[in-house]
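Okay, here we've got a single chain as structure tokens, the form predicted alone, with questions on binding and movement later.
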Amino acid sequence: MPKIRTQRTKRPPEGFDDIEPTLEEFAKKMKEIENEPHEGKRIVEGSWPVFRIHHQRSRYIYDLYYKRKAISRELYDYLLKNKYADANLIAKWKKPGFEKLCCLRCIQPRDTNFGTTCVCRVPKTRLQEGKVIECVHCGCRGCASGD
């Protein structure tokens, strides 16, 4: 969660005012999801929307800096430092084979039963046809870069 700006904190770099409404919209969605009732859902399903919003916000900042080159390096570093985006997830997106990675838990072998990556990392061509897979950690339906 981003820090609250006060009189003593450093001013954000130039260009922050342009993307601030979008970041506030993501924060608003996150609050709505956190306040949403969890009745009728499995325990793990309650956190899936939070992972989706977190992914969308990080992907938005990644696209602004690396794809569209719409923000400066100074602003990008400011956003990462103040936790508007996940720096570790963005670092994985820059590596080949991880361009569509949904969350870091899906590539950690210690979180799975057989010591491999999550089922959502398996390309859809290697799965049975008609079978819908869903990640236990974040609800992803497939983030393999070969799809």
Partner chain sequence: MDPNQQQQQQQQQRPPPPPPLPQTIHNADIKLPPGWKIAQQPGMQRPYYYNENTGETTWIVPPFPPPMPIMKEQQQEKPKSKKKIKKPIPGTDWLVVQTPDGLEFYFHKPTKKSVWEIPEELKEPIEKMKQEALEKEQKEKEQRLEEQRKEQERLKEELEKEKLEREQQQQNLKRKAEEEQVDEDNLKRVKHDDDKEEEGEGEPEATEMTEEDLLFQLEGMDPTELEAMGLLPPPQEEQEQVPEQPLIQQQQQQQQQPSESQMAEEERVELFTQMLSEKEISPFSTWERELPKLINDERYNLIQPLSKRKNLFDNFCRILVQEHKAKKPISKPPEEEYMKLLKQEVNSKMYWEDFRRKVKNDSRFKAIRDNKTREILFKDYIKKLRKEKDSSNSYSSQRDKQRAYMDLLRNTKEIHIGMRWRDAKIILEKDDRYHAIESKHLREDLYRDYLDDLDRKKR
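Positions refer to the first chain, counted from 1. What you see is a predicted model, and the numbers here were worked out from it, not measured in a lab.
This protein has a second form, the form predicted together with the partner chain, left out of what is shown; the following refers to that one.
When the contact criterion is heavy atoms within 4.5 Å, does Gly139 count as touching the partner chain in the predicted bound form? Outside the cut-off, so no.
Can any non-hydrogen atom of Gln108 be found within 4.5 angstroms of the partner chain in the predicted bound form? Heavy-atom contact with the partner chain at 4.5 Å: absent for Gln108.
Indicate whether Thr125 is a 4.5 Å heavy atom neighbour of the partner chain in the predicted bound form. Because no heavy atom of Thr125 falls inside 4.5 Å of the partner chain in the predicted bound form, the answer is no.
Using a 4.5 angstroms cut-off on non-hydrogen atoms, would Glu36 count as touching the partner chain in the predicted bound form? The answer is yes: Glu36 has a heavy atom within 4.5 Å of the partner chain.
Pull the contact list for 13 to 31: residues with a heavy atom within 4.5 Å of the partner chain in the predicted bound form, in sequence order. Contacts from 13 to 31: Pro13, Glu14, Asp18, Ile19, Thr22, Glu25, Phe26.
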